[in-house]
Structure formats: C-alpha cells, structure tokens
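Here you get one chain, nothing else, as structure tokens; it is the form predicted alone.
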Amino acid sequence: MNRYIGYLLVLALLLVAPFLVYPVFLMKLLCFALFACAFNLILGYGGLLSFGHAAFFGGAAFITGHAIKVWGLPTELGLLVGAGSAAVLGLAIGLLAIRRQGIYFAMITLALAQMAYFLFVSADFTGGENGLQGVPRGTALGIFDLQDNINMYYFVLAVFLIGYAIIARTVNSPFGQVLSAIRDNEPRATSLGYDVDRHKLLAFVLSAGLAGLAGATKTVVFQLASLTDVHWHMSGEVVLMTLLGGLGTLAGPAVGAAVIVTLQNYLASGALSAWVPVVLGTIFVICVLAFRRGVVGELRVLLRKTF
C-alpha cells in the first residue's frame, strides 16, 4: 500500500511539474530516465553489462527523425518505427553478444556499437557531424499540437509511463524472476531446464527497443538527432545513471538520471562548465565506495531498519 501511495504522489508531482519547472528540461529528464530504466533491465535484473546501448538510443533517434521529417510519418508512428528498428538492431547484436559473458560480453557490445556509430557518421540521411535537424514535432492523436511545450511534456510523460509500466510488468513476471535467477546463478538456472540464452536475448531485445523509444522521443522533443546520441560516451553515462540511482531497483535508474541530467544542466552554465566530467566522475567514485546500492537502494535499506 505504501508503494502505491508513493507512486501516486510521484505521478501527481509529475502532472504539475511543467507549471513549476521549465518543461523542456523535464522532457529531457524523462527521456533519459526511460533510457536508464531500459538499461537497468539487462544490467540490474539480467546481470549483462552492455557498453553499446548508445547504438539503440542514438540509432532510433536518427531513424525516427528521418521517418518523421522525410517520410512524413505521424509522430506516434515515427516513434514506433524508431523503437522497432532499435529492437531489430538489438536482436542482431544480441545474437552475437550473448554467446559470451562478463567483460567479453561488454567488449562485444562496445565494438558493435562503435561500428554502428561509424555507420551513422558516414550515412547521408544522418547529416554527418551536423546531425539531423529540423525534425517536426507534429501532433499527438491528430489533435494536440506538440509544438506547444506543455502538450509535448504530457506526451513525453505518457511515453515514459508506458515504457516504465512495461519494464515493471516484465520484472514482476515469471520471465523476470527467471532472468533474476540467471543473474544470480546461471549454471543452476540451466540445470533447472531454462533456456538461458533465449531469456537473455529476449531481455536484451526488449531493453534495446525501450532504449530506442527513449532516443526517438528525445529527437522529437529537441527536433534534432546528433552523433552525441550514438557515441560511446552515452553508453557510459547510462551506466553511471543506473549505478548512482540503484542497480536492480525499478525507480533507481530514473532517480540517477534525474541527478545526472540536473547536474549537467546547471553545472554547464556555471563556473564549473569545463569540469562537468570531473564532477560526474567524482560522484561515481563516491557512489561505488560509499553507496554500493545506489540512492534508492540505500534509502530502501534505511527505511527497513527504521520501520
């Protein structure tokens, strides 16, 4: 009951947030929160450390931007095309990567993601180093003008809630329980008769698709898809968000994304603008050394001891 009350309070806060905080900043936060939650599905619950998730995030961003701007697809359909393309790319990469474990899995995903990066650099439809600019926001359901920031915020909020609900349902399903068992003890899961590779691959594809949905939504918000979205630095940032918020918790990655995006936004305009990577790196070291469970994980333990 306390959990549901907490969710309702957060939802109420999100509904009134655009009247209190700059909506575009909130939309960026929600996009990265969904990206981090999608990544947490394979790292926190599947035990698979991927350094290539920027390929899905940025790849879907470019494909959605091209689909809406050049093909003239509606905004909703453009997002689905981007998320679907990310899922297909995730299937191709996952079929190769899940054959290995640990650091080898991470290096394979990084290598394949870098191949995707150079593909987007050289492709004509991406605009190269200039990126894909002038992507129209369009309308939602053919009624709501998404050029209005308030309308756009609630559209992004709906996308985030749908993605978060999919992740929550997956984690709390029998599939999610088997995935956690594979993370904790893969040989035992195999001995119990579960198809370990199949479960890993399904989780990887779902995570890639939702990461692509986050990247596609970000393109519509900013009307721009850039090479930054597909660079390996983006893969590193989502790892930091997940670990900072709380690995293996539903809300943790969203909290971590909120902290990182807020710091990047406010530090970039101040005297510490050149030191943003150093500040984020310091936070990461402190988190690893002192808060192994992340912000949400430590709060959960503290509440259990208190009550």
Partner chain sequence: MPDSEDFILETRGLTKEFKGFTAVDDVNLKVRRHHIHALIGPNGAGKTTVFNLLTKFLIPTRGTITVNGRDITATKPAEISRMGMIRSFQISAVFPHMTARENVRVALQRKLGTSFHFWKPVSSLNSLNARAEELLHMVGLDHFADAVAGDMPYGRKRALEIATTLALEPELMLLDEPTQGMGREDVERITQLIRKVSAQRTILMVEHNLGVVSTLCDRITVLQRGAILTEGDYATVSADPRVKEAYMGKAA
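These numbers were taken from a predicted model, which means no experiment stands behind them. Residue numbers count along the first chain shown, from 1.
Keep in mind that the form predicted together with the partner chain is missing from the display, and what follows is about it.
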{"query": "Within 4.5 Å of the partner chain in the predicted bound form, all of Ser173, Val178 and Ala189 (non-hydrogen atom)", "finding": "yes"}
{"query": "Contact of Asp184 with the partner chain in the predicted bound form (heavy atom, 4.5 Å)", "finding": "yes"}
{"query": "Contact of Leu146 with the partner chain in the predicted bound form (heavy atom, 4.5 Å)", "finding": "no"}
{"query": "Partner proximity in the predicted bound form: Tyr117 to the partner chain, non-hydrogen atom cutoff 4.5 Å", "finding": "no"}
{"query": "is_contact(Tyr194, the partner chain) in the predicted bound form, heavy atom dist at most 4.5 Å", "finding": "yes"}
{"query": "Single option in Leu202, Leu157, Leu227, Ile108 placed near the partner chain in the predicted bound form, where near means a heavy atom within 4.5 Å", "finding": "Leu202"}
{"query": "Contacting member of Leu73, Leu206, Leu80, Leu91, with respect to the partner chain in the predicted bound form [4.5 Å, heavy atom]", "finding": "Leu206"}
{"query": "Interface stretch in the predicted bound form with the partner chain - options 80-88, 163-171, 133-141, 120-128, non-hydrogen atom within 4.5 Å", "finding": "163-171"}
